[in-house]
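Single chain ahead, written as structure tokens, the form predicted alone.
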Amino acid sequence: MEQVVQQLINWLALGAITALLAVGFSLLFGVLNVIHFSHGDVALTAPFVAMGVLIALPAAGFGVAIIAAIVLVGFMGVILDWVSIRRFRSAPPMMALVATVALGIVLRELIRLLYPNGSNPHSFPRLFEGTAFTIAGATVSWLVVAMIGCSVLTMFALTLILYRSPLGMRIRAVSQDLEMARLAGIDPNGIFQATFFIASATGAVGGLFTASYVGLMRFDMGIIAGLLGFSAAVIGGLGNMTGAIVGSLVLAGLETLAQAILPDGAAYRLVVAFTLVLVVLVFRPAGLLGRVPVPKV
């Protein structure tokens, strides 16, 4: 029983981290109709930014460094959109895809070259220490509680922003019909910038929890983290925020199950996860909660 409960805890923790990344992919695709493949790399710069702030301003404290990293990474997303991504909004999708892949490589290389000993793994402190409680003999750390709780609160906040605020109304209007939104007086560029900030800041939270959960940060961690977040968004239905959450839980559940029942399961968890992506793409291309577009005549 203890092992079962522990695996359930691991599943929720992994699903919470993946959801924070997957929601960013879905939000950006839903509004911009662009697959932002460097989103994982943007999110995983947050631990480096936090440690950089802490080194530069040691008196500020770790909490201030974390908040600064989330805000700065949010603005980093806005800057990347302004510098590169917006140039490809009217271009064929493949051009935007290649551009964002290139952006990810640039970010990883900049971290590797500019951060002290950037090619080597660096330890990252736990955001929360200690054991919160015990269930059936399985211990639940405060870090896991914070990961799950923060993920739930973030999803709740995003839902309020999208469906209960003037900004959310404008975001949804732009995502549904850009030309009609422009005729209604909505500035698309401002909405794109706001969307990039929200998605990048949300991803930064996931990046910080990822580094804290594994206890280290590497310049190339954004590759796998981004692929898992994107895969979860695809499984749930790219462009659907609820689908991103469902896809994250499904993907995390399969990874956890593979590690629990397969011999040396940790080595095969990614094989199992991406096999699921292939199966979903073959039998349900729109995702579990996605809608197949109906052509209008």
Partner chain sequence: MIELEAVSTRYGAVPMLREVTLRVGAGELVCLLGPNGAGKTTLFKTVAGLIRPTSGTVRVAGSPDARTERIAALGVGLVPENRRLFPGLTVAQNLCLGYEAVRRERVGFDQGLEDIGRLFPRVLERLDQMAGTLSGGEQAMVALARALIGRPTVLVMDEPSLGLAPKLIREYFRIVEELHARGSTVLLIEQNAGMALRIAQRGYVLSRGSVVADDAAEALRKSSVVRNLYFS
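Residue numbers count along the first chain shown, from 1. Bear in mind the structure is a predicted one, so any value in this text is a computation, not a measurement.
Form predicted in complex with its partner chain: not shown, discussed below.
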For the three residues 176, 180 and 185, verify that every one has a non-hydrogen atom within 4.5 Å of its partner chain in the predicted bound form; reply yes or no. yes
Exactly one of 126, 89, 172, 112 has a non-hydrogen atom within 4.5 Å of its partner chain in the predicted bound form; which residue is it? 172
Just one of 186-194, 73-81, 98-106, 207-215 has heavy atoms within 4.5 Å of its partner chain in the predicted bound form; which? 186-194
Where, within 118-137, is there a heavy atom within 4.5 Å of its partner chain in the predicted bound form? Residue list please. none
